[in-house]
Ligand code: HEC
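Consider the single chain below, provided in structure tokens and representing the form predicted alone.
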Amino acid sequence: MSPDIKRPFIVLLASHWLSMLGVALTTTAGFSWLFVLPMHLRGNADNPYIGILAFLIIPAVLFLGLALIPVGVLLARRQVVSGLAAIPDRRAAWRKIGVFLGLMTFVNLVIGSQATYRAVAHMETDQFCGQSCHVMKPEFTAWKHAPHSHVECVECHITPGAAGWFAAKMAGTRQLMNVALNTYKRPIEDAIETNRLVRSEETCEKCHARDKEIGSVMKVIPTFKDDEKNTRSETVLMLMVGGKAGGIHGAHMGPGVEIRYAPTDSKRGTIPWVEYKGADGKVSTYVDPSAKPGSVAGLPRYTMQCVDCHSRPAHTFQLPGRAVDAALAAGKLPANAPFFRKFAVELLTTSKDGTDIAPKVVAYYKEKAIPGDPAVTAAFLTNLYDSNVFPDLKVTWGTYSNNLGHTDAPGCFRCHDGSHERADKTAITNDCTTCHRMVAVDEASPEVLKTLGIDQ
């Protein structure tokens, strides 16, 4: 057997279409990786779902190409040995490979600069995050109606830098596998619950400076009773938001202030241990006496940040009572229809999938002889339901609670319940006036609103 038959790798590589296909796939994957990787190592993390491309598709194509090359060479060798094919000229083989690689380089440059870039750019969009992944539909729907709807998903959900980029790709790959294998949780856990939360210093505080002085903010809360007239009332309070000089923000996030806490559950809803370090450097530890001795020692510790209170800043879900009250106050629902508030809340709460809302609204209009188009009311209530309830994902009213405040969830009362005490029996305050002043409570026509000229 001649030397050319023994080790004619380059010759045999150019002699079979399968090995040449392997070379094409390998070079395509290599070029694609070179285009994708630098775009995400620029110090600012991007969409986690790019991991689908970077860590699954490209490597799969690369390894397939590498596997095809030796297979094609082996088949070409067998053809030569069996006499089914002549040994090609070595110089002609090199020329063929050179032309082929030059052509593939040109093709890959075109693909890499056009198709790859556009695909990656699309995978960085909010639409890709929300619409391409079914399990993200509740969060995407809530995001579209939130004040942060102009902020891209990647700005809050990915830690800046190469480490954050890599972690995001791994997370995207994990999420893809969970969806493909149908093993994702229903409802999906939020970032706090999974303990994969990006700290607020790297997200929220890029726009919201913690030392900004906000002062006091007046809050007007309209509510309606379940009586025939849907009687309206308002609660007016002054919320002492403050800033670095004091108020709610100053007490929790002011200069030199650091709060650590230990929750018993993944949602951080029950907190038996709190450590407060003041601006003067003094450290005080508060423990809930109801906690069993020694049970606190093994709990994880967290440093308080914005999202511990503002737990749903960009994905706020509503509760049926508050949602209907807000719509009645805004004139989007008929406040003059008898018992409408009671009817609407019960309808939203008891509906199984939202399909029964429209016919029941039509029947209600007919029964009560209410003027106007029931289709408009039915469409509004159906949209309200569909924006907050997703039966297939087991998301319903109140699934994702908001800890901002203490009326709809424990919120502030997780620590400010009056039971967390130091060794000297001094408790974390639960005095209402520490955070707000009640100007009017459930008044039909508060005088303060008349004075300010903003009464209904």
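On a predicted model such as this, the values are computed, not experimentally measured, just so you know. A residue's number is simply how far along the shown sequence it sits, counting from 1.
What comes next is about the form predicted together with heme C (HEC), which does not appear here.
Among the residues I192, L347, A337, L384, the one placing a heavy atom within 4.5 Å of heme C (HEC) in the predicted bound form is I192. None of A251, V376, V296, A167 but one reaches within 4.5 angstroms of heme C (HEC) in the predicted bound form through a heavy atom, and that residue is A251. Listed stretches are 287-295, 367-375, 347-355, 152-160; the contact stretch with heme C (HEC) in the predicted bound form is 152-160, by a heavy atom cutoff of 4.5 Å. Although the partner is absent from this view, F390 stays clear of heme C (HEC) in the predicted bound form, with no non-hydrogen atom inside 4.5 angstroms. Shown alone here, N230 lies farther than 4.5 Å from heme C (HEC) in the predicted bound form, counting heavy atoms only.
At the 4.5 Å threshold, heavy atoms of E205 reach heme C (HEC) in the predicted bound form.
In the predicted bound form, heme C (HEC) sits within 4.5 Å of a heavy atom belonging to F413. No residue of the trio A326, A444 and V448 has any heavy atom within 4.5 Å of heme C (HEC) in the predicted bound form.
Residues from 296-329 that approach heme C (HEC) in the predicted bound form with a non-hydrogen atom closer than or equal to 4.5 Å are M304, Q305, C306, V307, C309, H310, S311, R312, P313, A314, H315, F317, R322, in the order they occur in the chain.
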